[in-house]
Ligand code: GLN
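Next up is one chain by itself, shown in C-alpha coordinates, the form predicted alone.
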(Lines give C-alpha, C1' and ligand atoms only; values in the text may rest on other atoms or scores of the structure.)
Protein backbone atom coordinates (compact mmCIF):
# COMPACT_ATOMS: atom_id res chain seq x y z
CA UNK A 1 0.00 0.00 0.00
CA UNK A 2 1.03 3.65 -0.34
CA UNK A 3 2.84 5.00 2.69
CA UNK A 4 0.87 7.42 4.84
CA UNK A 5 2.29 10.50 6.55
CA UNK A 6 0.91 12.28 9.60
CA UNK A 7 2.46 15.72 10.16
CA UNK A 8 2.37 17.21 13.65
CA UNK A 9 2.95 20.91 14.24
CA UNK A 10 2.69 23.01 17.39
CA UNK A 11 1.21 26.40 18.13
CA UNK A 12 0.79 29.08 20.79
CA UNK A 13 3.85 28.11 22.84
CA UNK A 14 6.71 25.61 23.03
CA UNK A 15 6.69 22.52 25.25
CA UNK A 16 3.02 22.05 24.44
CA UNK A 17 3.44 18.27 24.34
CA UNK A 18 3.95 17.50 20.65
CA UNK A 19 6.54 14.82 21.41
CA UNK A 20 4.32 12.88 23.81
CA UNK A 21 1.36 13.40 21.44
CA UNK A 22 3.32 11.96 18.51
CA UNK A 23 4.50 9.04 20.64
CA UNK A 24 0.99 8.35 21.97
CA UNK A 25 -0.53 8.51 18.46
CA UNK A 26 2.15 6.06 17.35
CA UNK A 27 1.09 3.67 20.10
CA UNK A 28 -2.58 4.02 19.11
CA UNK A 29 -1.84 3.19 15.48
CA UNK A 30 0.42 0.30 16.44
CA UNK A 31 -2.29 -1.25 18.62
CA UNK A 32 -4.63 -0.90 15.62
CA UNK A 33 -2.25 -3.13 13.67
CA UNK A 34 0.02 -0.73 11.78
CA UNK A 35 3.80 -0.60 11.59
CA UNK A 36 4.74 2.91 12.75
CA UNK A 37 7.87 5.06 12.80
CA UNK A 38 8.26 8.62 14.08
CA UNK A 39 10.60 11.40 12.95
CA UNK A 40 11.54 14.66 14.68
CA UNK A 41 12.38 17.68 12.52
CA UNK A 42 14.47 20.04 14.69
CA UNK A 43 14.88 23.62 13.46
CA UNK A 44 18.16 24.35 15.29
CA UNK A 45 21.36 24.70 13.26
CA UNK A 46 23.41 22.25 15.34
CA UNK A 47 23.98 19.04 13.40
CA UNK A 48 22.72 17.09 16.42
CA UNK A 49 22.36 17.67 20.16
CA UNK A 50 25.58 15.75 20.91
CA UNK A 51 27.64 18.85 21.69
CA UNK A 52 24.84 20.77 23.40
CA UNK A 53 24.72 21.35 27.16
CA UNK A 54 22.15 19.24 29.03
CA UNK A 55 20.89 22.52 30.49
CA UNK A 56 20.14 23.68 26.93
CA UNK A 57 18.60 20.53 25.52
CA UNK A 58 18.06 17.87 28.17
CA UNK A 59 19.47 14.41 27.60
CA UNK A 60 20.97 13.16 24.35
CA UNK A 61 19.15 9.99 23.32
CA UNK A 62 21.36 7.48 21.48
CA UNK A 63 19.98 5.01 18.93
CA UNK A 64 21.26 1.57 17.91
CA UNK A 65 23.09 3.02 14.91
CA UNK A 66 24.92 5.57 17.06
CA UNK A 67 22.86 8.64 16.18
CA UNK A 68 22.80 11.27 18.94
CA UNK A 69 19.24 12.54 18.89
CA UNK A 70 16.60 14.66 20.57
CA UNK A 71 15.08 13.33 23.79
CA UNK A 72 11.69 13.07 22.06
CA UNK A 73 13.03 9.99 20.26
CA UNK A 74 13.19 8.36 23.67
CA UNK A 75 9.47 9.05 24.07
CA UNK A 76 8.85 7.62 20.61
CA UNK A 77 10.71 4.37 21.28
CA UNK A 78 9.23 3.88 24.74
CA UNK A 79 5.66 4.28 23.43
CA UNK A 80 5.84 2.40 20.13
CA UNK A 81 8.36 -0.17 21.47
CA UNK A 82 10.32 -0.16 18.20
CA UNK A 83 13.90 0.83 17.46
CA UNK A 84 14.35 3.94 15.32
CA UNK A 85 17.32 4.99 13.20
CA UNK A 86 19.31 8.11 12.40
CA UNK A 87 16.92 9.33 9.69
CA UNK A 88 14.33 9.77 12.42
CA UNK A 89 15.98 12.97 13.71
CA UNK A 90 16.63 15.73 11.16
CA UNK A 91 18.07 19.14 12.00
CA UNK A 92 18.51 22.32 10.00
CA UNK A 93 22.25 21.82 10.46
CA UNK A 94 22.14 18.41 8.78
CA UNK A 95 20.05 19.70 5.89
CA UNK A 96 22.22 22.72 5.13
CA UNK A 97 25.45 20.75 5.58
CA UNK A 98 24.26 18.21 2.98
CA UNK A 99 23.11 20.85 0.49
CA UNK A 100 26.33 22.87 0.84
CA UNK A 101 28.43 19.69 0.43
CA UNK A 102 26.56 18.90 -2.80
CA UNK A 103 27.10 22.47 -4.01
CA UNK A 104 30.83 22.25 -3.32
CA UNK A 105 30.94 18.95 -5.16
CA UNK A 106 29.29 20.53 -8.19
CA UNK A 107 26.11 18.47 -8.03
CA UNK A 108 23.89 21.43 -8.87
CA UNK A 109 25.72 22.17 -12.14
CA UNK A 110 26.33 25.83 -11.37
CA UNK A 111 22.75 26.62 -10.35
CA UNK A 112 21.85 29.12 -7.66
CA UNK A 113 21.14 27.32 -4.39
CA UNK A 114 17.92 28.47 -2.75
CA UNK A 115 15.68 27.51 0.16
CA UNK A 116 13.05 26.52 -2.41
CA UNK A 117 13.60 24.06 -4.00
CA UNK A 118 16.99 22.86 -2.73
CA UNK A 119 16.54 23.00 1.05
CA UNK A 120 12.92 21.86 0.94
CA UNK A 121 13.81 19.03 -1.45
CA UNK A 122 16.47 17.81 0.98
CA UNK A 123 13.95 17.92 3.84
CA UNK A 124 11.37 15.99 1.81
CA UNK A 125 13.98 13.41 0.84
CA UNK A 126 14.74 12.80 4.52
CA UNK A 127 11.05 12.57 5.41
CA UNK A 128 10.50 9.93 2.72
CA UNK A 129 13.46 7.93 4.05
CA UNK A 130 11.53 7.14 7.24
CA UNK A 131 9.20 4.46 5.80
CA UNK A 132 11.90 3.37 3.32
CA UNK A 133 14.45 2.57 6.06
CA UNK A 134 12.07 1.36 8.79
CA UNK A 135 9.44 -0.46 6.76
CA UNK A 136 6.71 1.60 8.44
CA UNK A 137 3.20 1.78 7.00
CA UNK A 138 2.66 5.15 8.66
CA UNK A 139 5.29 7.80 9.37
CA UNK A 140 4.51 10.42 12.00
CA UNK A 141 6.55 13.58 11.46
CA UNK A 142 6.86 16.07 14.33
CA UNK A 143 8.13 19.59 13.61
CA UNK A 144 9.99 21.10 16.55
CA UNK A 145 9.32 24.63 17.69
CA UNK A 146 6.18 26.69 17.24
CA UNK A 147 4.36 27.92 14.15
CA UNK A 148 5.55 31.48 13.60
CA UNK A 149 9.20 30.71 14.41
CA UNK A 150 11.35 31.90 11.53
CA UNK A 151 13.63 28.85 11.69
CA UNK A 152 10.70 26.45 11.21
CA UNK A 153 9.56 27.93 7.90
CA UNK A 154 11.57 25.67 5.54
CA UNK A 155 10.25 22.58 7.33
CA UNK A 156 6.65 23.78 7.16
CA UNK A 157 7.04 24.63 3.47
CA UNK A 158 8.39 21.11 2.88
CA UNK A 159 5.35 19.66 4.68
CA UNK A 160 3.06 21.76 2.49
CA UNK A 161 4.79 20.45 -0.64
CA UNK A 162 4.52 16.83 0.55
CA UNK A 163 0.76 16.94 0.05
CA UNK A 164 1.27 17.59 -3.66
CA UNK A 165 4.16 15.13 -3.97
CA UNK A 166 2.48 12.05 -2.51
CA UNK A 167 -1.22 12.90 -2.72
CA UNK A 168 -3.67 14.54 -0.37
CA UNK A 169 -5.14 11.13 0.49
CA UNK A 170 -1.78 10.01 1.93
CA UNK A 171 -1.24 12.99 4.22
CA UNK A 172 -2.85 14.19 7.44
CA UNK A 173 -1.98 17.40 9.31
CA UNK A 174 -2.38 17.67 13.08
CA UNK A 175 -1.87 20.95 14.93
CA UNK A 176 -1.25 20.79 18.70
CA UNK A 177 -2.13 24.02 20.51
CA UNK A 178 -2.52 25.35 24.03
CA UNK A 179 -5.66 26.82 25.61
CA UNK A 180 -4.50 29.27 28.31
CA UNK A 181 -6.55 29.51 31.50
CA UNK A 182 -7.48 32.97 32.78
CA UNK A 183 -7.80 32.64 36.54
CA UNK A 184 -9.65 35.94 37.01
CA UNK A 185 -12.56 34.82 34.83
CA UNK A 186 -12.08 31.08 35.35
CA UNK A 187 -12.16 30.31 31.64
CA UNK A 188 -10.06 28.81 28.88
CA UNK A 189 -9.39 31.00 25.85
CA UNK A 190 -9.37 29.80 22.24
CA UNK A 191 -8.12 33.01 20.61
CA UNK A 192 -4.40 32.01 20.64
CA UNK A 193 -5.37 28.75 18.90
CA UNK A 194 -7.31 30.69 16.27
CA UNK A 195 -4.30 32.94 15.61
CA UNK A 196 -1.95 29.95 15.46
CA UNK A 197 -4.13 28.15 12.91
CA UNK A 198 -4.40 31.36 10.88
CA UNK A 199 -0.58 31.55 10.84
CA UNK A 200 -0.37 27.93 9.72
CA UNK A 201 -2.94 28.45 6.98
CA UNK A 202 -1.05 31.51 5.73
CA UNK A 203 1.85 29.12 5.03
CA UNK A 204 -0.48 26.91 3.02
CA UNK A 205 -1.28 24.18 5.56
CA UNK A 206 -4.85 23.70 6.79
CA UNK A 207 -4.90 21.31 9.75
CA UNK A 208 -7.10 18.23 9.47
CA UNK A 209 -7.14 17.84 13.25
CA UNK A 210 -6.51 20.15 16.19
CA UNK A 211 -5.40 18.70 19.51
CA UNK A 212 -6.25 21.33 22.12
CA UNK A 213 -4.08 21.01 25.22
CA UNK A 214 -5.10 22.48 28.56
CA UNK A 215 -4.66 22.05 32.29
CA UNK A 216 -8.44 22.31 32.83
CA UNK A 217 -11.45 20.47 31.36
CA UNK A 218 -12.42 21.67 27.88
CA UNK A 219 -16.15 22.33 27.48
CA UNK A 220 -18.10 21.21 24.40
CA UNK A 221 -18.80 24.80 23.39
CA UNK A 222 -15.06 25.44 23.16
CA UNK A 223 -14.69 22.49 20.79
CA UNK A 224 -17.56 23.93 18.73
CA UNK A 225 -15.87 27.32 18.66
CA UNK A 226 -12.50 25.93 17.59
CA UNK A 227 -14.14 23.85 14.87
CA UNK A 228 -16.05 26.86 13.58
CA UNK A 229 -13.23 29.40 13.58
CA UNK A 230 -10.49 27.01 12.45
CA UNK A 231 -12.50 25.22 9.75
CA UNK A 232 -12.04 21.74 11.26
CA UNK A 233 -14.70 19.08 11.80
CA UNK A 234 -15.79 18.91 15.43
CA UNK A 235 -14.84 15.23 15.71
CA UNK A 236 -11.32 16.32 14.73
CA UNK A 237 -11.06 18.85 17.58
CA UNK A 238 -9.49 16.72 20.29
CA UNK A 239 -9.62 17.97 23.90
CA UNK A 240 -6.46 16.79 25.63
CA UNK A 241 -6.31 17.76 29.30
CA UNK A 242 -2.93 17.31 30.98
CA UNK A 243 -2.76 13.72 32.20
CA UNK A 244 -1.25 12.94 35.62
CA UNK A 245 0.17 9.73 34.15
CA UNK A 246 2.26 10.04 30.99
CA UNK A 247 1.54 6.51 29.79
CA UNK A 248 -2.21 7.04 30.04
CA UNK A 249 -2.21 9.44 27.06
CA UNK A 250 -2.61 6.69 24.39
CA UNK A 251 -5.61 5.32 26.28
CA UNK A 252 -7.16 8.78 26.46
CA UNK A 253 -6.68 9.24 22.71
CA UNK A 254 -8.22 5.82 22.05
CA UNK A 255 -11.26 6.63 24.20
CA UNK A 256 -11.73 9.79 22.15
CA UNK A 257 -11.81 7.64 19.01
CA UNK A 258 -8.72 9.21 17.46
CA UNK A 259 -7.44 5.91 16.10
CA UNK A 260 -10.68 5.34 14.19
CA UNK A 261 -10.65 8.93 12.87
CA UNK A 262 -7.09 8.61 11.55
CA UNK A 263 -7.75 5.22 9.98
CA UNK A 264 -10.86 6.52 8.24
CA UNK A 265 -9.31 9.78 7.03
CA UNK A 266 -6.24 7.99 5.67
CA UNK A 267 -8.32 5.34 3.92
CA UNK A 268 -6.83 2.48 5.92
CA UNK A 269 -8.23 -0.74 7.31
CA UNK A 270 -7.31 -1.61 10.88
CA UNK A 271 -6.77 -5.07 12.32
CA UNK A 272 -10.19 -5.19 13.96
CA UNK A 273 -10.68 -4.84 17.70
CA UNK A 274 -7.48 -3.31 19.15
CA UNK A 275 -6.05 -5.09 22.17
CA UNK A 276 -5.10 -2.64 24.92
CA UNK A 277 -4.67 -5.26 27.67
CA UNK A 278 -0.91 -4.77 28.06
CA UNK A 279 -1.15 -0.97 28.15
CA UNK A 280 -4.13 -1.05 30.54
CA UNK A 281 -2.09 -3.28 32.83
CA UNK A 282 0.78 -0.75 32.82
CA UNK A 283 -1.51 2.15 33.71
CA UNK A 284 -3.34 0.11 36.36
CA UNK A 285 0.01 -0.79 37.91
CA UNK A 286 0.97 2.89 38.04
CA UNK A 287 -2.31 3.82 39.75
CA UNK A 288 -2.01 1.16 42.44
CA UNK A 289 -1.13 2.15 45.99
CA UNK A 290 2.35 0.69 46.38
CA UNK A 291 5.08 0.72 49.01
CA UNK A 292 7.75 3.38 48.55
CA UNK A 293 11.35 2.82 47.48
CA UNK A 294 13.63 5.87 47.73
CA UNK A 295 16.36 6.31 45.14
CA UNK A 296 18.99 9.05 45.43
CA UNK A 297 19.99 10.13 41.92
CA UNK A 298 23.36 11.85 42.37
CA UNK A 299 23.97 13.91 39.25
CA UNK A 300 25.55 17.07 37.88
CA UNK A 301 22.54 18.46 36.03
CA UNK A 302 19.73 17.71 38.47
CA UNK A 303 18.28 21.24 38.19
CA UNK A 304 16.85 20.08 34.84
CA UNK A 305 15.24 16.68 35.29
CA UNK A 306 15.02 16.22 31.51
CA UNK A 307 18.81 15.82 31.53
CA UNK A 308 18.11 12.37 33.02
CA UNK A 309 14.79 11.68 31.34
CA UNK A 310 15.49 8.09 30.23
CA UNK A 311 17.04 7.24 33.61
CA UNK A 312 13.94 8.54 35.41
CA UNK A 313 11.62 6.57 33.13
CA UNK A 314 13.70 3.39 33.43
CA UNK A 315 13.45 3.61 37.23
CA UNK A 316 9.69 4.00 36.93
CA UNK A 317 9.44 1.02 34.56
CA UNK A 318 11.27 -1.17 37.06
CA UNK A 319 8.97 0.08 39.80
CA UNK A 320 5.89 -0.85 37.74
CA UNK A 321 7.20 -4.41 37.39
CA UNK A 322 8.23 -4.74 41.03
CA UNK A 323 4.99 -3.15 42.31
CA UNK A 324 6.73 -0.35 44.21
CA UNK A 325 6.53 3.43 43.95
CA UNK A 326 9.96 4.80 43.05
CA UNK A 327 10.59 8.17 44.69
CA UNK A 328 13.62 9.94 43.24
CA UNK A 329 15.64 12.33 45.40
CA UNK A 330 17.51 14.67 43.05
CA UNK A 331 20.92 15.21 44.66
CA UNK A 332 23.45 17.62 43.15
CA UNK A 333 26.87 16.02 43.45
CA UNK A 334 28.52 19.40 44.06
CA UNK A 335 26.34 19.83 47.16
CA UNK A 336 27.74 16.63 48.64
CA UNK A 337 31.24 18.10 48.30
CA UNK A 338 30.04 20.99 50.47
CA UNK A 339 28.52 18.55 52.98
CA UNK A 340 24.95 19.45 51.97
CA UNK A 341 21.98 17.14 51.22
CA UNK A 342 23.63 14.06 52.67
CA UNK A 343 20.35 13.33 54.45
CA UNK A 344 18.84 12.46 51.05
CA UNK A 345 21.63 9.97 50.35
CA UNK A 346 21.49 8.46 53.83
CA UNK A 347 17.72 8.00 53.64
CA UNK A 348 17.88 6.27 50.26
CA UNK A 349 17.22 2.58 49.64
CA UNK A 350 19.36 2.78 46.52
CA UNK A 351 21.85 5.18 44.94
CA UNK A 352 22.09 5.81 41.20
CA UNK A 353 25.08 7.56 39.61
CA UNK A 354 24.25 8.64 36.03
CA UNK A 355 26.51 9.72 33.17
CA UNK A 356 28.03 13.13 32.54
CA UNK A 357 31.11 15.00 31.39
CA UNK A 358 33.66 17.35 32.94
CA UNK A 359 35.27 17.68 36.40
CA UNK A 360 32.54 19.61 38.23
CA UNK A 361 30.93 17.58 41.02
CA UNK A 362 33.01 14.46 40.40
CA UNK A 363 34.31 14.13 43.96
CA UNK A 364 30.74 14.38 45.26
CA UNK A 365 29.74 11.43 43.09
CA UNK A 366 32.76 9.48 44.37
CA UNK A 367 31.76 10.25 47.97
CA UNK A 368 28.25 8.91 47.29
CA UNK A 369 29.74 5.75 45.75
CA UNK A 370 31.97 5.28 48.80
CA UNK A 371 28.95 5.64 51.06
CA UNK A 372 27.07 2.99 49.02
CA UNK A 373 30.02 0.59 49.20
CA UNK A 374 30.72 1.02 52.89
CA UNK A 375 27.08 0.90 53.98
CA UNK A 376 26.02 -1.88 51.58
CA UNK A 377 23.45 0.33 49.86
CA UNK A 378 22.36 -0.96 46.42
CA UNK A 379 24.03 1.16 43.76
CA UNK A 380 23.80 1.38 39.97
CA UNK A 381 26.40 3.36 38.01
CA UNK A 382 25.83 4.35 34.39
CA UNK A 383 28.76 5.15 32.07
CA UNK A 384 30.58 7.83 34.12
CA UNK A 385 28.95 6.19 37.13
CA UNK A 386 30.80 2.94 36.41
CA UNK A 387 34.07 4.78 35.81
CA UNK A 388 33.82 6.59 39.14
CA UNK A 389 32.88 3.35 40.88
CA UNK A 390 36.21 1.98 39.59
CA UNK A 391 38.06 5.14 40.69
CA UNK A 392 36.61 4.93 44.21
CA UNK A 393 37.45 1.25 44.58
CA UNK A 394 40.97 1.77 43.18
CA UNK A 395 41.64 4.51 45.74
CA UNK A 396 40.77 2.02 48.48
CA UNK A 397 42.72 -0.88 47.01
CA UNK A 398 45.80 1.12 46.01
CA UNK A 399 45.74 3.27 49.12
CA UNK A 400 46.12 6.40 47.01
CA UNK A 401 43.46 9.13 46.74
CA UNK A 402 45.15 10.34 43.55
CA UNK A 403 43.79 7.39 41.53
CA UNK A 404 41.54 8.93 38.93
CA UNK A 405 40.36 9.19 35.35
CA UNK A 406 42.63 11.12 33.01
CA UNK A 407 39.51 13.05 32.00
CA UNK A 408 39.71 14.81 35.37
CA UNK A 409 43.42 14.49 36.23
CA UNK A 410 45.74 13.98 33.23
CA UNK A 411 48.72 13.59 35.60
CA UNK A 412 47.23 11.00 37.95
CA UNK A 413 49.77 8.31 38.98
CA UNK A 414 46.99 5.71 38.69
CA UNK A 415 44.95 6.33 35.51
CA UNK A 416 42.43 3.54 36.12
CA UNK A 417 40.15 5.21 33.55
CA UNK A 418 41.80 6.50 30.39
CA UNK A 419 41.01 7.73 26.90
CA UNK A 420 40.14 4.93 24.49
CA UNK A 421 43.02 4.34 22.03
CA UNK A 422 40.87 5.13 19.00
CA UNK A 423 39.87 8.46 20.59
CA UNK A 424 43.40 9.81 21.19
CA UNK A 425 43.84 11.62 17.86
CA UNK A 426 40.28 12.93 17.58
CA UNK A 427 39.92 16.71 17.69
CA UNK A 428 36.26 17.23 16.68
CA UNK A 429 33.77 16.74 19.50
CA UNK A 430 30.55 16.10 17.59
CA UNK A 431 29.60 12.52 16.76
CA UNK A 432 33.07 11.15 17.51
CA UNK A 433 32.56 9.14 20.70
CA UNK A 434 32.02 5.40 20.83
CA UNK A 435 28.37 5.50 19.92
CA UNK A 436 25.58 3.00 19.38
CA UNK A 437 24.94 -0.70 19.90
CA UNK A 438 27.87 -2.95 20.87
CA UNK A 439 27.98 -6.59 22.05
CA UNK A 440 28.90 -7.75 25.54
CA UNK A 441 29.54 -11.19 27.03
CA UNK A 442 28.43 -11.81 30.62
CA UNK A 443 30.18 -13.88 33.28
CA UNK A 444 28.05 -16.88 34.30
CA UNK A 445 26.74 -16.59 37.86
CA UNK A 446 27.44 -12.85 38.13
CA UNK A 447 24.78 -10.37 39.27
CA UNK A 448 24.64 -9.01 35.74
CA UNK A 449 24.06 -12.44 34.22
CA UNK A 450 21.38 -13.23 36.81
CA UNK A 451 19.60 -9.98 35.92
CA UNK A 452 19.69 -10.56 32.17
CA UNK A 453 19.19 -14.35 32.32
CA UNK A 454 21.44 -14.65 29.27
CA UNK A 455 25.16 -14.59 28.55
CA UNK A 456 25.28 -12.36 25.44
CA UNK A 457 23.73 -8.90 25.23
CA UNK A 458 23.88 -5.75 23.10
CA UNK A 459 23.65 -2.26 24.60
CA UNK A 460 23.92 1.37 23.52
CA UNK A 461 27.08 3.35 24.28
CA UNK A 462 28.18 7.00 24.42
CA UNK A 463 31.68 7.50 25.84
CA UNK A 464 35.33 8.37 25.13
CA UNK A 465 37.02 6.87 28.18
CA UNK A 466 37.34 3.27 29.30
CA UNK A 467 38.66 1.10 32.10
CA UNK A 468 42.44 0.69 31.84
CA UNK A 469 43.17 -3.01 31.62
CA UNK A 470 46.53 -2.70 33.40
CA UNK A 471 44.54 -2.46 36.63
CA UNK A 472 42.17 -5.33 35.93
CA UNK A 473 44.03 -8.00 37.90
CA UNK A 474 44.77 -5.97 41.02
CA UNK A 475 41.17 -4.78 41.34
CA UNK A 476 39.82 -8.23 40.56
CA UNK A 477 41.98 -9.74 43.31
CA UNK A 478 40.53 -7.19 45.73
CA UNK A 479 36.89 -8.09 44.97
CA UNK A 480 35.82 -6.23 41.84
CA UNK A 481 34.35 -8.57 39.26
CA UNK A 482 34.41 -7.60 35.59
CA UNK A 483 31.22 -9.40 34.76
CA UNK A 484 30.68 -7.97 31.29
CA UNK A 485 33.36 -7.58 28.62
CA UNK A 486 33.48 -7.05 24.88
CA UNK A 487 33.76 -10.31 22.89
CA UNK A 488 37.47 -9.66 22.29
CA UNK A 489 37.95 -9.18 26.07
CA UNK A 490 39.48 -5.74 25.46
CA UNK A 491 36.79 -3.48 26.87
CA UNK A 492 35.24 -3.74 30.33
CA UNK A 493 31.50 -3.22 29.95
CA UNK A 494 30.24 -4.11 33.46
CA UNK A 495 31.95 -4.00 36.84
CA UNK A 496 30.40 -5.23 40.07
CA UNK A 497 31.54 -5.84 43.65
CA UNK A 498 31.51 -9.39 44.93
CA UNK A 499 31.01 -8.61 48.63
CA UNK A 500 27.97 -6.38 48.19
CA UNK A 501 24.21 -7.01 47.77
CA UNK A 502 24.07 -4.96 44.52
CA UNK A 503 26.85 -2.64 43.42
CA UNK A 504 27.12 -2.63 39.67
CA UNK A 505 28.28 -0.19 37.01
CA UNK A 506 27.90 -0.29 33.24
CA UNK A 507 30.00 1.43 30.59
CA UNK A 508 26.89 1.53 28.41
CA UNK A 509 23.55 3.29 28.92
CA UNK A 510 20.91 0.64 29.73
CA UNK A 511 18.28 3.33 30.28
CA UNK A 512 17.94 3.80 26.50
CA UNK A 513 16.48 0.31 26.05
CA UNK A 514 14.00 0.32 28.93
CA UNK A 515 10.30 0.23 28.05
CA UNK A 516 7.19 0.57 30.25
CA UNK A 517 6.10 -2.92 29.19
CA UNK A 518 9.67 -4.32 29.33
CA UNK A 519 11.75 -2.77 32.13
CA UNK A 520 15.49 -3.06 31.63
CA UNK A 521 16.90 -6.10 33.49
CA UNK A 522 19.59 -4.11 35.32
CA UNK A 523 17.14 -1.46 36.50
CA UNK A 524 14.80 -4.27 37.54
CA UNK A 525 17.61 -5.91 39.50
CA UNK A 526 18.57 -2.59 41.09
CA UNK A 527 15.02 -1.78 42.20
CA UNK A 528 14.55 -5.33 43.52
CA UNK A 529 17.71 -4.90 45.63
CA UNK A 530 16.53 -1.47 46.83
CA UNK A 531 13.14 -2.98 47.67
CA UNK A 532 14.88 -5.60 49.81
CA UNK A 533 16.97 -2.88 51.49
CA UNK A 534 13.72 -1.04 52.31
CA UNK A 535 12.39 -4.21 53.97
CA UNK A 536 9.56 -4.65 51.49
CA UNK A 537 8.57 -8.26 50.89
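Bear in mind that the values here come from a model prediction, so they are computed numbers and not experimental data. Numbering follows the first chain given and starts at 1.
This protein has a second form, the form predicted together with the ligand, left out of what is shown; the following refers to that one.
Participant: Only one of 313, 157, 407, 459 has a non-hydrogen atom within 4.5 angstroms of the ligand in the predicted complex; which is it?
Facilitator: Here the answer is residue option 407.
Participant: Given that the ligand is left out here, which of 415, 356, 259, 145 has a heavy atom within 4.5 Å of it in the predicted complex?
Facilitator: Of 415, 356, 259, 145, the residue with a heavy atom within 4.5 Å of the ligand in the predicted complex is 356.
Participant: Just to confirm the contact call: exactly one of 215 to 223, 187 to 195, 267 to 275, 460 to 468 touches the ligand in the predicted complex at a 4.5 Å heavy atom cutoff, so which is it?
Facilitator: Result of the contact check: 460 to 468.
Participant: Is it the case that residue 383, even though its partner is missing from this view, gets within 4.5 Å of the ligand in the predicted complex, heavy atoms only?
Facilitator: Close contact exists here: in the predicted complex, residue 383 approaches the ligand to within 4.5 Å, heavy atoms only.
Participant: Please run the contact check for residue 387 against the ligand in the predicted complex: heavy atoms, 4.5 angstroms, yes or no?
Facilitator: Residue-level check for residue 387: yes, a contact with the ligand.
Participant: Though only this chain appears here, would residue 509 touch the ligand in the predicted complex if you measure heavy atom gaps against 4.5 Å?
Facilitator: Because a heavy atom of residue 509 falls inside 4.5 Å of the ligand in the predicted complex, the answer is yes.
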